[in-house]
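The same protein chain appears twice below, in two forms, each given on its own as structure tokens and labelled structure 1 and structure 2.
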Structure 1
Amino acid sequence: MIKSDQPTKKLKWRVWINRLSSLDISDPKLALIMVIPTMLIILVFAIIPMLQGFYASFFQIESATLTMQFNGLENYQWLLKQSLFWESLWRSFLWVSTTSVVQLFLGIAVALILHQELKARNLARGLVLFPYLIPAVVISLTWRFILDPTLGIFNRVLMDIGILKEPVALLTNPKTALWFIIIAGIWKYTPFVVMMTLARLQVIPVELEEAAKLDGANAIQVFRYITLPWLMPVIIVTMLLRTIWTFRQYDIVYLFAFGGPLFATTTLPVLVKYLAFDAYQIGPAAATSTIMVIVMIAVSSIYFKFYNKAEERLN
């Protein structure tokens, strides 16, 4: 029986392989087969943990033993009463909106410059990408060291040239700490916008710009009526990605000032870490994560509406 079973199995495999080979590239079956591995990875590493978090948000969980007691919406009610939650939400909004908008304008400007015929253009393009390649932990530690009031170069230079009389602690001042994180975020992630925009600029048909110039359009009009509409779908997708990534960004924000001073740099992801791992309040931490997901779904749907409009206009 075993011997006769072997050829049958081999035959079945061959039949499957032949069927797959015969599928057309536009066949939905092939599309489904190709998507399944990715779907499984997303399922295991994103959807299941997310649903587990959603599930946990309805329980009171003892950290030391993980015993769970259903408490309905209590975690959400408790969270919404906490000023720390609303302040963290506001800081997240400030962090995301400021870094994303500045990255957008700066990124497009740099991409337009790098799109010109410049000397050493390739070298310049490589150097522009540099901040994006440095790990967030290195950036955070370097900036912390630069801004250190006692040992850092920032204070030393400003004192040497007479701008400061005594060192200032910028990362321990609640009014300035978040802004320095925002500056570092802009510096690190603008290259991503540059990269995306530059790639799109290279596929805009040259004849469109040439025709516009022949018709008497100046540089601003060419940008306004030719370049920008072509860039718009990519800009929207880039902004969508930057918004999602910035909103859930933990490393650079936390490592700069560890959420302090006085929670002044605590954004929602840092709040989740604080609740779950410092205050041992796993249920409220899970509720915060769930709210983050809801916010992101809402924001993403707005971006997709704009994206569809931009595509329609281009067509």
Structure 2
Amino acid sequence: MIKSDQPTKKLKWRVWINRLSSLDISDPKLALIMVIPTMLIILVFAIIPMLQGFYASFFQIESATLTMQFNGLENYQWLLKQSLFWESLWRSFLWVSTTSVVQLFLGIAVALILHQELKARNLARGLVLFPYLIPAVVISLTWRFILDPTLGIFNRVLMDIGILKEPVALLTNPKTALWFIIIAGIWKYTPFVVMMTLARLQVIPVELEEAAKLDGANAIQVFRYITLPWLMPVIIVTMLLRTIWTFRQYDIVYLFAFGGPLFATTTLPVLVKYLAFDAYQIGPAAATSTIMVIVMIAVSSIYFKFYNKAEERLN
């Protein structure tokens, strides 16, 4: 009769677990061991591709054969002479600044409301987070259907109340396409600001607010001198993350109008795709990506300065 080796395998696993648990590992060493897998993933999928892109930006690359010929800064010089690059850069700043600022104010306002003692507060918090959980592909397709001039409900409602006399193709109009992408971005990512702000509101010392109210401070003064200074470090970190993520956002911008009409929704990430896969200009596409990294490093350094000042004022 053949005996199963499954109990033996279980015993071996238990022996290894007991050995690992008995090791005398200090907190820094244990933290390093836990971080190493994440560091390897970041190295392979983020840092190495970024360095390869930076390297490729100094070469003329044939898209068919991928042969490379060094041309120095010619890709950057060619790129800076293109009006499409500067227009895409302007759209990126418009997209990032508008969505981030509106998300900030709207997110703080919603977080302050959800922080109050309300009926069904937990349910409301869950519903607020719902747009953030929906994939960008689903959101893009849903909004495209809503704004469709033939079947969309948006045009139908405006026609029923008398604002429009006939349907308008909003996503094929260069003047309106980007603004509706901005509205969709605000709708999707405001819950992230709500979540971050609400988490910070939970740890504000209650005795500070109570002491201020006993001294005669009204709600606006309490928010200005107590709540806002406590929120400021988290607000800056949240804005830093939203700025970086929005600046490199590709999916929700591209899927709305595919960079059109007439490049009206082409931001820098969409421009990288266009140069590399449509215009077959891999070198300039890599140069555009490098410029994006440089811009984000500069912007991040400004955020870190404000964060240090906010922490000093709080302390």
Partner chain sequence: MKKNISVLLTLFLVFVLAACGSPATETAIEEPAVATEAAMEEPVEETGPRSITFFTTEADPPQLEILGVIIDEYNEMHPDVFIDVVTGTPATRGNRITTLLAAGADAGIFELEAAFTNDWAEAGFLLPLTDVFENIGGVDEYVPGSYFETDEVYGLPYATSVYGLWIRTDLFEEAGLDVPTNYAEVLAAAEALTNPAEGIYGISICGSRNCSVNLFSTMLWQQGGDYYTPQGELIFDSPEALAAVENWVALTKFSPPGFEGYSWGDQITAYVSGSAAMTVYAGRLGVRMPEQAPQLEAVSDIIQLPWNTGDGPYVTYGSWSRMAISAGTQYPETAKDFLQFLLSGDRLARYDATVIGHMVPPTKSVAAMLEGWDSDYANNHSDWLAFFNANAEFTNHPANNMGSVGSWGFEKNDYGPPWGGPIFSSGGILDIMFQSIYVDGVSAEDAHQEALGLMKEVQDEWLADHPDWTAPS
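Here the structure is a predicted model, which is why all the values come from computation and not from measurement. Quick note, the numbers are simply positions in structure 1, starting from 1. Whichever C-alpha set is largest while still superposing within 1.5 Å between the two forms counts as the rigid core.
S.K.: Where's the form predicted on its own, in 1 or in 2?
M.R.: Form predicted on its own: structure 2.
S.K.: When the two forms are laid on each other by their rigid core, does Pro37 show a Cα shift of 2 Å or more between structures 1 and 2?
M.R.: After core superposition, the C-alpha of Pro37 moves 2 Å or more between structures 1 and 2.
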